[in-house]
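In structure tokens, one chain follows: the form predicted on its own.
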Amino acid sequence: MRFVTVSGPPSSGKTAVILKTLEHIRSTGKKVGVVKFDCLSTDDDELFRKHGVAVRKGLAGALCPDHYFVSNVEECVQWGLAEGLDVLISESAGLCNRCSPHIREVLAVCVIDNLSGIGTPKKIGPMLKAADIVVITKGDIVSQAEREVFAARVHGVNTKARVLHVNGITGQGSYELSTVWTEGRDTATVEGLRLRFSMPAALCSYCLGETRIGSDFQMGNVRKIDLDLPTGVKTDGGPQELGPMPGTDGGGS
């Protein structure tokens, strides 16, 4: 079974691109499926089902969606094999722009849209930098010059990736993408494979459910901004007492 991971910022057109691309693959007689990962809710599973695509969805809830993905991806691959799929696509949104669902030895696709701004490629992080293919969408809404500038910015971030322009509405460019999705090695398991980029090094009190604000409630991996406060107290480093605000005696009201 061919396995492909697709990720990208919210509303970049991932689902539309996947649907148009799978149309070409299905036309060759291959059986396709999608596992949709999201945070709180999604109706995309109904959309896939409406188009005759086998689908399962997983909602991360209070968890990081990419951590949730990694914890469930092997089971998803086994589901695809049990369904007799020829091609399985996982779709997830890297909402923090620091996570990445891409796996070594598994084709990795990042979808990004022209309307997100020319500075966006530098902000996305490993989700874009570690991708094999970068799909740029919504090119019909901007000028040719804007498309070229945006594509150049993408290439500057990931010089090794193949950049494709796909229209999620008309399907233009999706056939070329479909040929790439069906090439290469099959995946029988991802057990023991490695992520292309580590997840964020963060385990703090807020990760574990703390809601109160203040140094007294901050434990674990905490990083402070060096604000060079007028009090002379440096805030860079671990949690610490910042002292009274300027102009007060610190003795209360």
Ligand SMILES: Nc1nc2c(ncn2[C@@H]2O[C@H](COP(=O)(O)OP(=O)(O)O)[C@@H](O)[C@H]2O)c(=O)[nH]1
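This is a predicted model, so every value here is computed, not measured. All residue numbers are counted from 1 along the displayed sequence.
Unshown form predicted in complex with the named molecule; subsequent notes refer to it.
- Partner contact region in the predicted bound form: 163 to 171, out of 82 to 90, 146 to 154, 99 to 107, 163 to 171, criterion any non-hydrogen atom within 4.5 Å of the named molecule.
- Although the partner is absent from this view, Lys129 stays clear of the named molecule in the predicted bound form, with no non-hydrogen atom inside 4.5 angstroms.
- Contact annotation: Ile25 falls outside 4.5 Å of the named molecule in the predicted bound form, judged by heavy atom distances.
- Interface residue remark: Asp45 is not counted as part of the site for the named molecule in the predicted bound form, having no heavy atom within 4.5 Å.
- The shortest heavy atom separation between Ile141 and the named molecule in the predicted bound form is within 4.5 Å.
- Shown here without the named molecule, the chain has Pro9, Pro10, Ser11, Ser12, Gly13, Lys14, Thr15, Ala16 in 6 to 22 lying with a heavy atom within 4.5 Å of that partner in the predicted bound form.
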